[in-house]
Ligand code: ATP
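One chain comes next, on its own, written out as structure tokens in the form predicted on its own.
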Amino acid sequence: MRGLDLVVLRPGELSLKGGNRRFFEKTLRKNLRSLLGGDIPIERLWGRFYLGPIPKGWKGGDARSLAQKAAGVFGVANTSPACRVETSEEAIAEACVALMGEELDRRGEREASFAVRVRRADKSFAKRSMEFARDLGGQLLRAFPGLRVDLETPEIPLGIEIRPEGSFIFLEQFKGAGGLPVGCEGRVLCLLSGGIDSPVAAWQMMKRGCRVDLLHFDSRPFIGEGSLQKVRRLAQSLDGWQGRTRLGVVEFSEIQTRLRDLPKEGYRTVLYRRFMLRIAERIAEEQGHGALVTGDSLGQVASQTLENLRVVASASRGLPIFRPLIGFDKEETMALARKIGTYEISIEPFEDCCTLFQPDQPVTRGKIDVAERLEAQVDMEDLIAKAVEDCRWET
């Protein structure tokens, strides 16, 4: 037996896509190729992808490390490092005995609990799944007297998939990222503040198949360079989920200065967000994005009350605004930020544009007509046009 030299990759929702399934699978294959490079063969068959066999000396490691890496690609339900053998009772049994022996040697002990789980997708194979699992279990017990059967929580879960293209034997399953492959649902533009919420919102849209570009509003020189560096690191962290993340940076300090000097100080943050939305929408229209994304969570801060969200949204010209965290509480968002690897960066103590010049008593039930009257006191179109024109993109 060659050992574990390939990865069985099981797509998630893609299996439910009916006539469009091939498109989603092609997008997933493209994303896998981007992640893995050209060294690993990728075979796509009905309901499965097979990565490998892994070339000798592959710089990425072994089948286990490849399975863990591939599990982080959106569209993947789970992965298993595996070996492939011909579909015969003798070949499968021989491979199972050899793999169990290797696993016991790796553990340095001859006693362990195990279970055999057979999935027979190839109905031409004579024995039914349960019958064949019992037969294999008996052979393993005879070969390794220290084994004991535990069907609920086995220490060694031995899996066998019997399929038309061959039989696959494995000991582990790594939970995948789920969702849909990035790129199958178009491009969106996410407003990235540098806090905890907006990177999580971006990740949520990636999981639903969107390629996400990021837009940051830069308040230098009122805040230090560290704030922008923090945002760049957040973009790099998200890059690991979709590859080649684009970050747009908008100079926002002049607009904030003009809005700071207006009456009704409590409206200041709401006005900031209305201007951000207008600028982001025009950039999105120029760049071909299908929607805007924000990290809003209903009622979390004063600017995110139902009334204030309505005041902010009224500044839009009609481009859809997605708020994937609208029903999350802070603990849920923080837990997800830790999972995706952005939390530790987000909590670094650098100011961002949302907290700069924050009023002591922000309005919680803003009114659209009041916001519009205040905006009429500044040369709004000139400020927005300049911000859009000066936006610079980084990758």
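Everything quoted here is computed from the prediction, not taken from an experiment. Counting begins at 1, following the sequence as shown.
Keep in mind that the form predicted in complex with this ligand is missing from the display, and what follows is about it.
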Check: Considering T245, S193, S227, Q204, which brings a non-hydrogen atom within 4.5 Å of this ligand in the model of the complex?
Finding: S193
Margin query: Please identify the residue among E161, E281, D213, D296 with any heavy atom within 4.5 Å of this ligand in the model of the complex.
Written below: D296
Checklist line | Non-hydrogen atom within 4.5 angstroms of this ligand in the model of the complex for each of A95, D135 and F168 | finding: no
Next item on the list: Answer with yes or no whether Q300 is in contact with this ligand in the model of the complex, where contact means some heavy atom within 4.5 Å.
Entry: yes
Next item on the list: Using the partner position in the model of the complex, report whether S198 sits within 4.5 Å of this ligand, counting heavy atoms only.
Entry: yes
Notebook entry, point to check: Q304: heavy atom within 4.5 Å of this ligand in the model of the complex?
Noted result: yes
Item checked: Touches this ligand in the model of the complex: R365 (any heavy atom, 4.5 Å) -> no
Checklist line | Partner-facing stretch of 271-279, 177-185, 150-158, 119-127, counted where any non-hydrogen atom is within 4.5 angstroms of this ligand in the model of the complex | finding: 271-279
Notebook entry, point to check: Going through 324-339 from first to last, which residues have a non-hydrogen atom within 4.5 Å of this ligand in the model of the complex?
Noted result: K330
